[in-house]
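This document starts with one chain, in the form predicted on its own, laid out as structure tokens.
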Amino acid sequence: MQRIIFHIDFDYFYAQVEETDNPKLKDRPIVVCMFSGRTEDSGAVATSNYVARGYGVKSGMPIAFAKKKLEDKNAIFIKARHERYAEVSQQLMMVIASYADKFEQTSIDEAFIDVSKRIENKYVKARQLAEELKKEIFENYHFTCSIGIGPNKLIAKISSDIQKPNGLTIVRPPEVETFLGILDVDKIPGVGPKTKEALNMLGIKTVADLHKYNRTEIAEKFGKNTGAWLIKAANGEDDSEVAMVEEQKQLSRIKTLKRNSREIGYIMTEIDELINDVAQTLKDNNLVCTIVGINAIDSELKNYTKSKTLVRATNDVSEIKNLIRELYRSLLETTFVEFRRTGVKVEKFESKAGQKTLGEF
């Protein structure tokens, strides 16, 4: 069955968090750094905004080199705040998940969603949905992201990188061969410098070159498994599903209410579908959770969370709904604001057989 997959990639994420937290910095070169502590300038650049990139600053560059490039440019060098970035990521990922039939977070600033059912496999609706998602993220959180849309994860991933920042690229099935053909071979995810060099030595510069190359020779040069993977990628083939990964530690959903409210009945009605979705996702992955929580955001975009650790792990939808109701009652008793967005989350997964997921070790 035809699928339509989004890959969402937040632009210069760490630096964008710093810009959002302090808008006065926006037009200045911002460099987020991983300081080693040996000297004032020792360490490497984690990321930078596009102003700094315009002066040649790149991720992984020594901080001392970056400072030379930005000398007299009114640049700011900031120590990475990983806890803050994780907090913002969690909020943004909840928004993304609310648009998905299936959701898979792959890093702090990237995720795949399968939207095939939601948009009835229609690319016109895919564009509309992507624009709605980008608009909600920008208007509510002031972040930009680039979205790639395609018939599988590979094409979605590659296309999200084509029009950065704040891009939207759609590759329909008939366009896959032409889209891939002109790209440098290292645009295939997983093709690093060494593989690129080896391919270049065979005269393979573009994906089209790889597509036309003798398959047997590719297998002999790179091994059966890697060779088969390279050929499939050159053909734009990827059968992998969008699904929870073993290392994923949390599953969450959030939605904007039709009106601001602090009425428990109205809130529970609005999030009923979210709870059903979370419980079904657990069941589909043969998982149970030991922590149930809520996430609510008021009109000033202040975030409120509550959670409860369970004595017995569960994926029962009725039990989760009762726990969510209790948590919202408790939150409403201790706050006096109306909520604009409300969400649910489950954490600390175990298989139904009792084996913990890799993320818990």
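Residue positions are given as counts along the sequence shown, with the first one as 1. None of these values were measured; they are calculated from a predicted model.
Omitted from view is the form predicted together with 2'-deoxyguanosine-5'-triphosphate, to which the following refers.
- Interface residue among 335, 59, 322, 305, judged by heavy atoms within 4.5 Å of 2'-deoxyguanosine-5'-triphosphate in the predicted bound form: 59.
- The partner is absent here, but in the predicted bound form a heavy atom of 46, alone among 297, 46, 70, 63, sits within 4.5 Å of 2'-deoxyguanosine-5'-triphosphate.
- 2'-deoxyguanosine-5'-triphosphate in the predicted bound form is not approached by residue 172, whose heavy atoms all lie more than 4.5 angstroms from it.
- When 2'-deoxyguanosine-5'-triphosphate is considered in the predicted bound form, residue 110 lines it closely, a heavy atom lying within 4.5 Å.
- The shortest heavy atom separation between residue 34 and 2'-deoxyguanosine-5'-triphosphate in the predicted bound form is within 4.5 Å.
- Proximity of residue 26 to 2'-deoxyguanosine-5'-triphosphate in the predicted bound form: non-hydrogen atoms within 4.5 Å are absent; the residue sits far from the partner.
- With the partner omitted here, the stretch from 308 to 316, 325 to 333, 35 to 43, 50 to 58 that lies within 4.5 Å of 2'-deoxyguanosine-5'-triphosphate by heavy atoms in the predicted bound form is 50 to 58.
- Contact with 2'-deoxyguanosine-5'-triphosphate in the predicted bound form holds for all three of 10, 14 and 164, each having a heavy atom within 4.5 Å.
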